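One chain is shown next in structure tokens, namely the form predicted on its own.
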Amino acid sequence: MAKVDWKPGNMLYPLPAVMVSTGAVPEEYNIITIAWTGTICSDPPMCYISVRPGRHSYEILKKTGEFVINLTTSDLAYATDWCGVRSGRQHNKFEAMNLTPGKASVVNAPTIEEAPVNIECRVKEIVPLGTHHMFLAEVVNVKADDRYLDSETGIFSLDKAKPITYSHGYYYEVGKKIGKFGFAVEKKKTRKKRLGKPKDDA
């Protein structure tokens, strides 16, 4: 196997393709599509989005300090892309894409009702990095579509909503499940139980 060196770049793909909704009042509501996003802490729950200062949503985010990350699906793929290539300076993106602005439970920013999950965030810090500024935020509430909630187990099955990801300029549906967290050691635990005696940990 041969490998070649590339110049430093962003190669952590695929990434979530999310629509971030902003604005404290209907007149400034906007949607920006973002792939530079992710989880950074479990307790307290925190995440981030990175935005170019020239984007229309940047000043809204900076002023209000609140936003909603809306997870996307294959049904929302067109709207996701459109909201990423059109500017809120010229378009009302909610109206143009027939999306419904909903009321968040904690933050003063709209949700996208068609999204299966709305993650309400409050900015804790803005970090200038270069081309993008990172908005570090605490997750203060999550709204989830109960159509994907198993009434017996309470497990939320986002995969049923057909979420999409972004990789090198293309959108992809999430593929089939190939395992679950901890499956690499599950057989060992089952074997210990069956044999009825402990084994040395690896």
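Worth saying up front: this structure is predicted, and the values here are computed from it rather than measured. Start at 1 with the first residue shown and count on from there.
Another form exists, predicted together with a small molecule; not displayed. Remarks below refer to it.
Contact check for Asn141: no non-hydrogen atom falls within 4.5 Å of the small molecule in the predicted complex. In the predicted complex, the small molecule stays beyond 4.5 Å of every heavy atom belonging to Ile69. At a distance threshold of 4.5 angstroms between non-hydrogen atoms, Lys62 is out of contact with the small molecule in the predicted complex.
Within this chain, Ala35 lines the site of the small molecule in the predicted complex, having a heavy atom no more than 4.5 Å away. Here the chain stands alone, but in the predicted complex its contact with the small molecule, taken as any heavy atom within 4.5 Å, falls in 25-33 among 25-33, 147-155, 172-180, 39-47.
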